[in-house]
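Starting off, we have a lone chain in the form predicted on its own, written out as structure tokens.
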């Protein structure tokens, strides 16, 4: 007879802790989703109910028919995509050089990137406002992209440096012996290996720009404001429009979910890159 193995106490505790952790993250979003499909009268009821008595999509219709939110969504998507592309163009080669060709200046460069991540964004808002105003990029998409890139590049640089640390230097040396230049070795050998890390960095950079609020508040007005600003405006002197705000928040979360699912394979590969060395 085969003995049936029973789960250990430690295994049960780990699974229970994982379940509690997942629920702690999922429940607020589930409640947000449930609130977004409630009729306006049910949203304001006391005591509040978790599940809607009647499913209604009137909040989504109100949001999609508004004159400001669809354009703000387009602005957010444009800024996030351009910020991600520009940040990767800067961070990927810079991180490669900083990690593969160790010098005192490259170590200082990475340390400086880490320090810039510690500077509060609010302390940089006014200088960025004055700078963009002086060069004519205030209240423009390119100006906001530059502001977001200034915050995203240090993060992208640190992430890519960690991934490049896991690439053996012997790979480039072998490519150089086969006649490749440094750039050819980087493009043909190193980049295909590091695609998972690039995907992870692209996702975090996209989320950083997508969720950014302060710079968008300071550097934009009606024509270029992003979705977080428009969603915050549902809280006004006339009250808080819970239904419309939650519907807008649900729609706003969809691009990040879609990008995460689309890059799931690369993200898993990137997060496990360098974990096993044989």
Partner chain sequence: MSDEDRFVLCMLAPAVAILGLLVAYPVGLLIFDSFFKVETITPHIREWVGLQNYIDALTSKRVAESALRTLQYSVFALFFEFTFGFCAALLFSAMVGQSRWHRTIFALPLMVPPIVAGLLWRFLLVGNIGILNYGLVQLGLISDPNEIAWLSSEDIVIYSVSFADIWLTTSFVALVSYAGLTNIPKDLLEAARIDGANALKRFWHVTLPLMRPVIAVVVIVRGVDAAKTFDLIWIQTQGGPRHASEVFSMNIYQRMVRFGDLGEASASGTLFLLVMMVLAGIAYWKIWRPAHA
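Numbering follows the first chain given and starts at 1. Given the structure is predicted, the values throughout are model-derived calculations rather than measurements. Note that the rigid core is defined as the largest set of C-alphas that superpose within 1.5 Å between two forms.
What follows is about the form predicted in complex with its partner chain, which we do not show.
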Contact between residue 53 and its partner chain in the predicted bound form at 4.5 Å, heavy atoms?
no
Using a 4.5 Å heavy atom cut-off, state whether residue 202 contacts its partner chain in the predicted bound form.
no
Contact label in the predicted bound form: residue 74 to its partner chain, heavy atom within 4.5 Å:
no
Its partner chain contact in the predicted bound form: residue 64, any heavy atom under 4.5 Å:
no
Out of 190, 207, 88, 82, which one falls within 4.5 Å of its partner chain in the predicted bound form, going by heavy atoms?
207
Which residues from 181 to 213 come close to its partner chain in the predicted bound form, meaning a heavy atom within 4.5 Å?
182, 183, 186, 194, 196, 200, 203, 204, 207, 211
Please say whether, between the shown form and the other one, the C-alpha of residue 55 moves by 2 Å or more once the core is aligned.
no
With both forms fitted on the core, give yes or no for whether the Cα of residue 68 moves by 2 angstroms or more between the shown form and the other one.
no
Relative to the superposed rigid core, does the CA atom of residue 223 travel 2 Å or more between the shown form and the other one?
no
